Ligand code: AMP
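The form predicted alone is given below as one chain in structure tokens.
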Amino acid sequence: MHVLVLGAGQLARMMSLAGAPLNIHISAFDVVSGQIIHPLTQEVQGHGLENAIQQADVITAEFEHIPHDILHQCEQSGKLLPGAQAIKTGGDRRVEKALLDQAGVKNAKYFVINTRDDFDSAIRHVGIPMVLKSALGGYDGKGQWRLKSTADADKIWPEMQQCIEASDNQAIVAEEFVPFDREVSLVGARGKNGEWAVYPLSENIHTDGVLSLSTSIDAQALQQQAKTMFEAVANTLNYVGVLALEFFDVQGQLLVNEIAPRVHNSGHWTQQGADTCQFENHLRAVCGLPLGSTKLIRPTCMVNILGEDTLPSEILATEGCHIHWYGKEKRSGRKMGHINVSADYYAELERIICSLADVLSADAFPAVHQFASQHK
């Protein structure tokens, strides 16, 4: 089986590693250069989308911001899973919000802004404080603003207007500010036959809008809420593959913040913590194979490595720690890899994470130090 991944980053890399034992061959298509890339060696294996499509049995994606002409061409081949509409949903907050409403899934009150008059209407409809996000693009904290008082509207509107006018079909989505207790996410998979399975919820800590630490948790009441929402969204999209839902936990009630139609950063812990990791289950789903068990085999957390290309040797000497490098050139803030930390029970996992604060710098790994300060 040959799977073509749209995108040539670390998620394609990890799909390749997961697919090898199943005899699933992965190649990656760089949507910017038009080159067909080996996801591990980054060697160029060919050129052109048409050639890449012809060589593939299945086409999937590692990110949602893919040019629509590429998605259309792949859809026309009958090989693209999940479908183009599902991928577009993750790349356009307007479409995403409409989907959540259609699926009957709770999410924050919102209003779409195209003009200054819309902005004023959003303030009346959504209320202040509010969060403002670009409809297209914008991730890891980029393309976002906060409005805390009407007096600041005139100050931030020029930036918002510039964002809207910078590209075709751009807009701003205003959302009510949700005073949440914590952020959690659910990663699950749905097969071609409608079979679906979800992993345990993850509790997430972000730093400057970027996921820093994600920990599997046992929260049965929240898990049931999340499962119901996952099923509703996945069925509405007739989804095939791995899908992630990000939530705000508001006093035990979940609100969907975003969806991601792909394998997800907060599911990286499944490589060491679950019976079948998210990357293998995505490939199983799109290739028409039975889904693997999503059962938690041991409590695990994932620590993102941002902007660092080396780690203290003590990490490898720490029981339960596994390093996953992405083979990238070092750049400030860039996702360079991650550390999965596992233990036999949650108290031991907490102890190990706290011990990492003694060897990892607070500047590079603030979430680890935040976790340690909360669990002393």
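All residue numbers are counted from 1 along the displayed sequence. Note that this is a predicted model, so its numbers are computed, not measured.
Keep in mind the form predicted in complex with adenosine monophosphate (AMP) is missing from the figure; the text below concerns it.
A heavy atom within 4.5 Å of adenosine monophosphate (AMP) in the predicted bound form is found for exactly one of 75, 258, 275, 152: 258. Note on contacts: among 298, 227, 133, 106, the single residue with a heavy atom within 4.5 Å of adenosine monophosphate (AMP) in the predicted bound form is 133. Adenosine monophosphate (AMP) is not shown here, and in the predicted bound form it never comes within 4.5 Å of any heavy atom of residue 203.
Adenosine monophosphate (AMP) is not shown here, and in the predicted bound form it never comes within 4.5 Å of any heavy atom of residue 112. In the predicted bound form, adenosine monophosphate (AMP) lies farther than 4.5 Å from every heavy atom of residue 148. Among residues of the shown chain, residue 248 is one whose heavy atoms approach adenosine monophosphate (AMP) to within 4.5 Å in the predicted bound form. The stretch that touches adenosine monophosphate (AMP) in the predicted bound form, counting heavy atoms within 4.5 Å, is 176 to 184, out of 176 to 184, 237 to 245, 299 to 307, 157 to 165. The single residue of 78 to 97 lying near adenosine monophosphate (AMP) in the predicted bound form is 93, the criterion being any heavy atom within 4.5 Å.
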